[in-house]
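Heads up, the chain below is alone and in the form predicted alone; it's given as structure tokens.
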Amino acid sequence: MLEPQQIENWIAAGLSCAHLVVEGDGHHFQALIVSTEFAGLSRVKRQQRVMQTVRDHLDSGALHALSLQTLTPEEWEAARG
């Protein structure tokens, strides 16, 4: 069974993150990813960029479900208040 920390490590290895949190129950996971790399990218392009970092694990079946919230640092600051 996967741990959220494993997924955080995979994402962080392939993407520069200002903030990264993954939560889940071992089968379904949610990730909040804040990265300067998302600047100027559409929501779809941001998600594609993150999915590149975990593609091998999705293809192997080790990772089944990952929902994403992808923000730039500026968007994250605005959302926090």
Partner chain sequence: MDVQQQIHQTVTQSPVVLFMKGTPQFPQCGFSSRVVQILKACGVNEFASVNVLADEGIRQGIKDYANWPTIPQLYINGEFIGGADIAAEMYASGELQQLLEPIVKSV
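Positions refer to the first chain, counted from 1. Every value quoted in this text rests on a predicted model; they were computed, and no experiment measured them.
Keep in mind that the form predicted together with its partner chain is not shown, yet the notes after this line are about it.
Trainee: May I ask whether R43, Q47 and M51 each come within 4.5 Å of its partner chain in the predicted bound form, counting any non-hydrogen atom?
Mentor: Result yes, every residue of the spot touches its partner chain.
Trainee: From the list V21, L58, A12, A18, which entry has a heavy atom within 4.5 Å of its partner chain in the predicted bound form?
Mentor: Looking at the other structure, the residue within range turns out to be L58.
Trainee: Classify A62 as contacting or not contacting its partner chain in the predicted bound form by the rule of any non-hydrogen atom within 4.5 angstroms, answering yes or no.
Mentor: Residue-level check for A62: no, no contact with its partner chain.
Trainee: Sequence order please: the residues of 63-81 with a heavy atom within 4.5 Å of its partner chain in the predicted bound form.
Mentor: In sequence order, H64, A65, L66, S67, L68 come within 4.5 Å of the partner.
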